[in-house]
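Listed next as structure tokens is one chain, alone, in the form predicted alone.
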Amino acid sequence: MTVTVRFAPSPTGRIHIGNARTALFNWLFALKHGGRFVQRFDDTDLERSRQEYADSILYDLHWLGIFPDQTEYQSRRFSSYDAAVEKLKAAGLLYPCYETSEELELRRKVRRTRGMPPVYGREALKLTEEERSAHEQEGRRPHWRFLLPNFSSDPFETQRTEVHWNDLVRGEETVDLASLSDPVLVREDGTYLYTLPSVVDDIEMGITHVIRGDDHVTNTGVQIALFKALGAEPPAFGHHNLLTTSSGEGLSKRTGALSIESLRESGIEPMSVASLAVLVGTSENVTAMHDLTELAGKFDPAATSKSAAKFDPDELLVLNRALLHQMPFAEARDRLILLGVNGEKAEPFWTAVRGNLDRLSDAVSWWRVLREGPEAPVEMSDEDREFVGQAFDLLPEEPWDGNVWKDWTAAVRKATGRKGKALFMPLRLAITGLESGPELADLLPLVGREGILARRP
């Protein structure tokens, strides 16, 4: 059996870090088991679904390093869903209901006042053909419910019916079908809700493992029943905890909260996103992984906590710095070229500045400092200005090697008596215009003697 997983977002907005968590859980699971990854767009909501969103989701996945083996659109598969509906109707497992939302809410309130669970009472099963015809003559159109197998012989006498599965994340799980209403599979206008297309697709696409957020746990009991009603063996299920904002709020595609697009445009590295999205809320320490193969080695669905995990964007910068500080020039070269950082000095420049970057794009400002000097006139006391003048007079002649900074400051210390911060800070300000940054021992040979002297304040 080939492990086959799927990621099935609705293309109604940009995916966020929480969606990426689900995609990555599935991708890493397939990677560890030599399996396949199906990208499925649940776009049966034709009014809100947009191809531009589907395209952006694929772009975001590619940026993260996820490349689907197969891409499917539910909007192109209605014939399969229609066939499943007819099969369920023929088996007496899909029945028409005519209640309005107001009538259903009233019934729920009545059941609550009687101390009964507010589940659907299957009143529509009692309708005669004449009553159904009367409803339709009034202009009512039926929605269709799936008859849950939670009774022995009389559907109005439900009994505890447990559905069990060994969850890949949560361990042993149980859902009692008697505690649930018969789910609506088809709306009044003939469109499908999530449940039926999802199950039909999982069957026809050979999905062996469904890994998704734990907000679907209860749905799983219903879906397992539907798999069996359609004559199929259910896949294995895993339900990971959800991510929230640092303040505990849920994430939403509609609001664009922490969208992958916005994180990318802010200069965050894809492996910073992937590392935090996968490892937060697990027993693993959150550290920056170099690539998805390395991350797969740390990935264990069962190590995921059952409680929601808070996603702190500030942690992304910590991981980003760690990745950049270790990034070899060969990996950064093409992106640096696009930023205008090129030539024979590009590699030693990258080695010198990468330890001071939050984002790769920050290298541009240091490249400008290297080539042009401080952005604005440097402010310093008259005493420091006089000191820097003396120091510049002692600048060694070229050619320079890696010891030029050490040799120069040793000579300045001997001539002026200054040491420590009083010696180094005025020189750093004069050369870079900033109080902190890369080691001047690394920058000095790149700027050159002529470039240094041109920065005399």
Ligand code: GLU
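We number the residues from 1 along the sequence you see. What you see is a predicted model, and the numbers here were worked out from it, not measured in a lab.
The protein also exists as the form predicted together with glutamic acid; that form is not presented, and the subsequent description refers to it.
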210 to 218, 84 to 92, 174 to 182, 110 to 118: which one contacts glutamic acid in the predicted bound form at 4.5 Å, heavy atom to heavy atom? 210 to 218
Scan G437, G18, P9, G13 and let me know which has any heavy atom within 4.5 Å of glutamic acid in the predicted bound form. P9
Which one, F146, F387, F311, Y194, lies within 4.5 Å of glutamic acid in the predicted bound form by heavy atoms? Y194
Taking heavy atoms and a 4.5 Å cut-off, does S198 contact glutamic acid in the predicted bound form? yes
Close approach of D42 to glutamic acid in the predicted bound form, 4.5 Å, heavy atom: yes
